[in-house]
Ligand SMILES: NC(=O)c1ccc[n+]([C@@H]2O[C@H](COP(=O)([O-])OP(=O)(O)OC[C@H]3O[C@@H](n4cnc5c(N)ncnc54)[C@H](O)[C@@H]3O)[C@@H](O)[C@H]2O)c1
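There is one chain below, alone, in structure tokens, taken in the form predicted alone.
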């Protein structure tokens, strides 16, 4: 295995160009393309602007900038990706588009070349379906912006070759990323296990709590951003789409319910930072309410429970989940660390309390996962 194989990137939007920067800056030759000519034509200029800003800030040497730019070769033709041992697509989030791209690439590259998708919402086994070598397909899910975010979720499907997983992990770790293995399940780790952070906060709004007070409770508990500030940062529309996608993928289980308050926020057009107003943006922080500790316990208990449901499905570990949540969302602790902090008895009692108080349609939301219950 060569230390620095050629890396292919398909899609030169913000994510694709950011991923190209990650590998090029780490010394990998990168061959990149985009079906959209303006994206190709502007790619080097956009990357040069990004790197020059880092030079001006004293964070990057001019020689490093020039070397990084020299390693990026932008091409109009997919055939130019033939030498690449790892190709990462960052194109539109449509299953058919990704299947078509990989079917086109497959005969152009070596049989053991890895075809990786940056998706976080589509099944990897479905993307691999119909290929002659489906064992080469996996997900490398980078977080935005890729150069700054340390976490990469690596999700193979059940038929992915172990050597492909090993090589993709080694090359991506050598590019400075923390790679966490996760199962080919909806949302992987971070987007799946983050649902209760938003969902339970929205459930409390339905019960009469104020978003600013919920956020204040979570920041008092050590979280950098409360759930509503995080929704405002991401965009309420983006958060709703992710929640609805998860709800559908998980057979409409109430743990992933898109709550009316989120739908109403999207309908209002106040989507967060990008529109100038959201749940809590641009208002200043509120003081923590008297029940701040109870609010934090409630949200963390549901985070713990969701993590155990994912763990029971296989393909990951408690440490992997904790690391992913800390790095992917800047949480002060992962759900298994939160469990150790509160204790199993306290978490189970909180879930039982929530289940008893919930309307019948929402009671299954608080059913404890296997492995969390004392009898499992």
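The structure displayed is predicted, hence computed values, not measured ones. Positions refer to the first chain, counted from 1.
Keep in mind the form predicted in complex with the ligand is missing from the figure; the text below concerns it.
- A residue is said to contact a partner when one of its heavy atoms sits within 4.5 Å of a partner heavy atom; residue 193 fails this definition for the ligand in the predicted complex, lying far away.
- The closest non-hydrogen atom of residue 144 lies within 4.5 Å of the ligand in the predicted complex.
- Contact check for residue 152: every heavy atom lies farther than 4.5 Å from the ligand in the predicted complex.
- Although the partner is absent from this view, residue 20 stays clear of the ligand in the predicted complex, with no non-hydrogen atom inside 4.5 angstroms.
- This chain appears without its partner; in the predicted complex, the one residue of 298, 98, 255, 71 with a heavy atom within 4.5 Å of the ligand is 98.
- Between the options 119, 160, 239, 305, the residue in contact with the ligand in the predicted complex by a heavy atom within 4.5 angstroms is 119.
- Remark: of stretches 90-98, 177-185, 203-211, 161-169, the one touching the ligand in the predicted complex is 90-98 (heavy atom within 4.5 Å).
- Taking the ligand as it sits in the predicted complex, the stretch 5-36 comes within 4.5 angstroms of it through a non-hydrogen atom at 10, 11, 12, 13, 14, 15, 16, 34, 35, 36.
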